[in-house]
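One chain is shown next in structure tokens, namely the form predicted on its own.
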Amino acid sequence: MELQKFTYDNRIARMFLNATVLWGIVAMLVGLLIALELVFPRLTHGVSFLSFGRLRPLHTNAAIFAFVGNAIFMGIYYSLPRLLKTPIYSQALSSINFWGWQLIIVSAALTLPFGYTVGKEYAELEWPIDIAIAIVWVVFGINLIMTTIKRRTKHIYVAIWFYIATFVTVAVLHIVNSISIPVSFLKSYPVYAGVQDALVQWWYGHNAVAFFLTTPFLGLMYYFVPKAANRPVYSYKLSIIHFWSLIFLYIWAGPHHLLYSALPDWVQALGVVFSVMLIAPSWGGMINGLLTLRGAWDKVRQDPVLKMFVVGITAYGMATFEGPLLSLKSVNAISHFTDWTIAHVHIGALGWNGMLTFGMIYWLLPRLYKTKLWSVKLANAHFWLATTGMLFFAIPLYFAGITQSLMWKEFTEEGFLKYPNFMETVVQILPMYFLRVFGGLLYISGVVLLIINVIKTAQIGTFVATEEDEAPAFKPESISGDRGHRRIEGKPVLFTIIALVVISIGGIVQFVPMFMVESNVPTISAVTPYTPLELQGRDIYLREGCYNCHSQMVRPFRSEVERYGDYSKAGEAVYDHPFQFGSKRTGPDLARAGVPGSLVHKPNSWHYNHFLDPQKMIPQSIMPPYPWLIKRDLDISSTPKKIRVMQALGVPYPDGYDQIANDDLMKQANQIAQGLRNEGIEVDDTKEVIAMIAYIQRLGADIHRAGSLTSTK
């Protein structure tokens, strides 16, 4: 049989490796800064683009899409051609993939800190960047699929199954969740509202974890772990079961982020059931990874690469056990909105994604530079710093989360809330926040050692730009006799189509009733659209990232109803583009902030002074000051366009209202500002703080004025 010669191009893998290291340290330093801001709230006093609310989305996007995203491309562009015995389909597409992805990252870094955000967690980037993401992702997908088609192997290996599932699912998730109507070049409103937006967002948010942080890394695990251990994958049959059950079940589980919310019970139940079932395929993958190392444990003790792989896979197992556990309603009632969730996601990010990425880099470096790793001792030191750093980061937050929840729910013998003041819980967990900072410092110190090793290894070695290989040509007729799964493995286009169908089922079953059956989102006659001033204030609320610390979802628990007011209903949020249920309470819930008698209701003057100097109003507060809201003039030129876009989204403003909206805005602004002036606070009608106060005082006010939650349906 004649062998064909070909070459592998290592340059694209090296480019993504360097980008992974660069953006990894950036993402972690931003994370360290916002962790410090929680214990030193005045650390960046007066600098708007360094405030916690604006930097937290930058940290999450940098960690997920910059650090992990580049690591995914690094591993795929190295492993894919070698698994298929063919060069990457197009070097031009590879370059577009690399430079396009870096441009997207830079765009995020230039927009998020300056308040250009959609306001949806993990999907904050505005519409032009979303379009760029879709284009670059399709470029990657074309390169992936065409390389697979041009292969010289009879079948596609299990790692490539996960690469394909990652491509098709992330494309569907991103496009569906990002549909919006632009107001301007860097401002848009999502087409979905309220509970429908919440369902779509957490279908996306949960499965961004599943298909961006999990499935591609499982594919990389199936390549790099056997390579590093020099052993075959433990079980081919287990990998088949693992793959198909995982991609089918994962897509259903998003609603477990919305338990006890205004989302219909039947959708919540689906999320719980499928989340629990996810334990089986997730642990199947963990077992397949760990048992691949059977017989190689002596090597594991010596090799920092394998040690990192073992801890990474173990962290994956822990996180994928904990995820279904947190989806149980009894556990979720304790964990949700607390730091428990923050600990959970960082076990996955620091352990699973971080450790696997570090292991891949240490394994790749000697092969890319045709030399030995500059310092194995330094790599081992990195392993121990990363492992202990992860534990110091996560364990205190588990304690903090449980402490928060138990204090929020505790009543006295007389039947009153024992800790009605939200700040009492914050004071108790501050020591845990200091320990988180220490853990983060340890983890980042390990990355510094990695950077040194990367630079030194590159200096002592010689970069191997291309590698030659040879293999016989693939003959399509060779798969004609295959049956079952082996036949599908020989037809990559068919494989891709089947994967697309499998991942689409769960979303369709959940979305169609939620969007087509009106009774799933009952309207409330008392709920009316935001006034123009309140709409502008809401956009400032999004710009400042207030949703990162404050929820707007009162759950039907006695403790929450006592503290905040009546529990939230689906009809309250029908005009919210995007929804603002939130996922973390670093501060109190604000869903009833405009309802007199609620423990979170405050007068306008209190809000003004609170934005100016939170510690003056609440000495223990860890909220940063927002002096720029007091100084900046509200940009009302955008009001007419915002009203027109809202009308296009179905918000019932009267015809022609866009022409007179600013008149109403100025009337309401004058009333609020005059009230402040009457209390001795000199403020102009046109300042941004006036709009923020208007929005906060509107929250829950419709329901309170009506005195009823009667549905119109």
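Since we're looking at a predicted model, the values are computed, not measured. Each residue number is its position in the shown sequence, starting from 1.
What follows is about the form predicted in complex with a small molecule, which we do not show.
Only one listed stretch (607-615, 310-318, 462-470, 135-143) carries heavy atoms within 4.5 Å of the small molecule in the model of the complex, and that stretch is 607-615.
Against the small molecule in the model of the complex, the set Phe114, Ile630 and Val689 makes no contact: no member has a heavy atom within 4.5 Å. Contact with the small molecule in the model of the complex, judged by any heavy atom within 4.5 Å, is made by just one of Cys546, Leu449, Leu368, Met355: Cys546. Note on contacts: among Phe474, Phe383, Trp101, Tyr626, the single residue with a heavy atom within 4.5 Å of the small molecule in the model of the complex is Tyr626. The closest non-hydrogen atom of Met423 lies within 4.5 Å of the small molecule in the model of the complex. By the criterion of a heavy atom within 4.5 Å, Gly53 is counted among the residues contacting the small molecule in the model of the complex. In the model of the complex, the small molecule sits beyond 4.5 Å of every heavy atom of Leu249. Taking the partner from elsewhere, Val600 is found to have a heavy atom lying within 4.5 Å of the small molecule in the model of the complex.
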